[in-house]
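We begin with a single chain expressed as C-alpha cells, specifically the form predicted on its own.
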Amino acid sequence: METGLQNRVAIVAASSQGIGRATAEGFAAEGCGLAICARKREALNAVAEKIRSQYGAEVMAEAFDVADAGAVRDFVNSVVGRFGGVDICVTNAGGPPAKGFLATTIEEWKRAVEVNFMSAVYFAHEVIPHMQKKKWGRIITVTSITTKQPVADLVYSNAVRAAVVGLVKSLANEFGKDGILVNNVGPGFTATDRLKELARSRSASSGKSEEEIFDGWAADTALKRLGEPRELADTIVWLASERASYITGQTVLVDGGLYKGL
C-alpha cells in the first residue's frame, strides 16, 4: 500500500521503548525524516542508532520530559530548524501509576495531568502553526482503551486520558479546514514494560501470579492474546498516511476486541 509518507517529517514522543519505539521504526520504514524523544538519553540514542543503520533514515534524538512546556517548544523549534518543518506529531507518554482512588495523591494527580494531558497540549500548540503553513498535518495521540472502557485500578488513566479525547475532537473541528487531521489511538493490553508493571501491581494485590494475570487479560479479548507494539505502530502509520485522508476526530481502539461496547 502506498502511504504517501516518503520524505514527511515525523515527531514521535516517548520512543525509547514499546509503542513509541515501534512507531518510530514504522515511520522510518516509510521514508520519513524522524525526530524522537524520551527521558532516558542512553536508551533513546541506542534506538536512534538502530533506526539509522536499519532504515537509512535521518534521525534526530533529544532527551527531555514531555511535561516541560519549554522543552517541548525548544524541541519542535529544533526539528523545524533541521528538517524545515513538521508534518506528523505522535504524542505519547508513559502511563500514570496503577492505583485505586483512595490510594491516589494530589501530587500524582497533578503529574498525571501534566504528563498524559498537558504534554499533548504542548506538542499541538507548537506543531499546528507549522502544519498550517503547509496546509497538511497529522496529530495522533496515544492513550488507552480507558478512554472508552475504564480499567480497574487505573483511575488516573481513566480520568485524565478522557480529557485527551476532548482535545482531539476540538482540534479536529478547529483545524480540519487547514488540512490537519487529529486522531487518537487507544491500545488495549499490549506487551510492553507498562503492562508488566500493571501485572506486578495486580499480582501483589490479588495473590495471583503475573502469568495468571497476563492469561486473564488475553482471555478477555476476542483474539485471546495480547497485542504487540508493532500492531499499534501499523495503525498509527496508517492514520498518518494518505490512505486515511478522510478520518479525523476519531478514537481508534487497537485492543484485539477487548472493548465490550458497541
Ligand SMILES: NC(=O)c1ccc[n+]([C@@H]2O[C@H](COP(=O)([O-])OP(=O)(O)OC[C@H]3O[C@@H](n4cnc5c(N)ncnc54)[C@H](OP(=O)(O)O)[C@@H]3O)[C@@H](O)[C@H]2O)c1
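From 1 onward, residues are counted along the sequence shown. Remember, it's a predicted structure, so these values are computed and weren't measured experimentally.
If you look for the form predicted in complex with the named molecule, you will not find it shown, but the lines that follow are about it.
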Could you tell me if residue 66 has a non-hydrogen atom within 4.5 Å of the named molecule in the predicted bound form?
yes
Quick one: does residue 38 come within 4.5 Å of the named molecule in the predicted bound form, counting heavy atoms only?
yes
So in the predicted bound form, does any heavy atom of residue 117 sit within 4.5 Å of the named molecule?
no
Although the partner isn't part of this model, could you tell me whether residue 138 comes within 4.5 Å of the named molecule in the predicted bound form, counting any heavy atom of the residue?
no
Just one of 92-100, 127-135, 73-81, 164-172 has heavy atoms within 4.5 Å of the named molecule in the predicted bound form; which?
92-100
Only counting heavy atoms and a 4.5 Å limit, does any residue of 234-262 reach the named molecule in the predicted bound form, and if so which ones?
none
